[in-house]
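So this first bit is one chain, no partners, the form predicted alone, shown in structure tokens.
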């Protein structure tokens, strides 16, 4: 069997990074929820907020552990499969990755022990501070990773040293490298995608609790907080995504042409969906808004947009994968806006938690943000091809010379087995923690009422079970 080492190496890296990317966005999104929830506890002294914060902290710890474990693998792949690439970008990537270690990983891991184990060992303010530091650490990690990746998309602040396959990029301006033309747009859009995921994750779990009449009051408060985060983030994603697409039109016009199935330079339609055909130079079975892309990019329905015909065939990105991934991401983004605004309207009317059909929608909607986050990265990375460093180093030239296709295939099989095992363990642990639920056996005491008042309120609200402290009373 004739195996392609380039294809296998790309497939292996896609497998490992897509699996890893299940966890960092969730830890970033949960971090925001934890900060808001614990901040509300400090402000109101309502113990229900503390119950929520403790529960989401336990979930966060499991997600964080998986993110660290799965992220290490990619660093080894740089040296084994992509040695030429590592040599080419090593001087550039060294700075942001070192900054991630100093400003993100140590900050995050340093306060993680206080966050997880310090509830009864440090004061409320100190614990809240540790929560903020861990949340910031997870975001700082995203900052430096996105900066490094964005440099591959839009290189800046460097010069080339050496010739041929021994050439490498060296930084000449650190801040020009950090604030390269795409880094800010890509960072804001990535963080907002993480906030959406965190919000929908919390809403999915709490909606399930409400539907099964468990931890009802705590879940309603958590759902409301997550709904605010997800609604704001979903609306913000529309604007950051539009701004990022405009940046792509200037810095990577071939990528935008692939995203939109735009073949000939000139006024461009905006495809809502379809099947692009590179040979026929058209999109089949699709619906488009005439001149829509021209309007979004230039504010003019007749303005020309660079098409794939402006680039040599060997410099054009693949068409089908980035087109479909890009449109899936946009469609899901519009769904997030619609469903969160609908839920926010019902929450304002005070009828949200009576609409069981909508709560069931939120239980399963968690799948959407995961797909959207993955689709966004797939579109960005495949749309950059055939370049691994845009305009400078081709992906085919970045491979290690000593690695065989058989070795890469063997590692793919082993990685798949290990990752399936890890994912099964993660699902099992998460399921056990979610089934157990928040530790609401300690009756919440509000700022205006003591323990006995709260117990009376719980009994009067629906008869909480005294024999099973882990079950809230059913709604009347």
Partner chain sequence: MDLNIFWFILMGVLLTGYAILDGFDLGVGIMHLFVKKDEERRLLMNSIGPLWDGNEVWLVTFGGALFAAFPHAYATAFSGFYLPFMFLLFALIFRAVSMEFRSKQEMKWWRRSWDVSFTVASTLATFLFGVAVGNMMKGLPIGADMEYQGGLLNLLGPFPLLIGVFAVATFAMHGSIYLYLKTEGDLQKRIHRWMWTTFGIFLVLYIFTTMATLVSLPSAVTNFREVPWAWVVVVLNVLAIANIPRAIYLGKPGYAFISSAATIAALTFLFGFSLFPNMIVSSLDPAYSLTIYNAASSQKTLGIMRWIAVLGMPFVLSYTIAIYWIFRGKTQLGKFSY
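Residue numbers count along the first chain shown, from 1. Every value quoted in this text rests on a predicted model; they were computed, and no experiment measured them.
A second form of this protein, the form predicted together with the partner chain, is not displayed here; the remarks below concern that form.
Contact annotation: residue 349 falls outside 4.5 Å of the partner chain in the predicted bound form, judged by heavy atom distances.
The closest non-hydrogen atom of residue 158 lies beyond 4.5 Å of the partner chain in the predicted bound form. Taking the partner from the other structure, the partner chain in the predicted bound form has no heavy atom within 4.5 Å of any heavy atom of residue 46.
With a 4.5 Å cutoff on heavy atoms, residue 353 does not count as touching the partner chain in the predicted bound form; it lies far away. Contact with the partner chain in the predicted bound form, judged as any non-hydrogen atom within 4.5 angstroms, is confined among 397-405, 380-388, 282-290, 302-310 to 397-405.
The putative spot formed by 68, 102 and 172 is fully lined by the partner chain in the predicted bound form; each residue has a non-hydrogen atom within 4.5 angstroms of it. Checked against the partner chain in the predicted bound form, the candidates 274, 318, 266, 94 yield a single residue with a heavy atom inside 4.5 Å, and that residue is 94. The partner is not shown here, but in the predicted bound form the stretch 104-124 reaches within 4.5 angstroms of the partner chain through a heavy atom at 105, 106, 107, 109, 110, 111, 112, 113, 114, 116, 117, 118, 119, 120, 121, 122.
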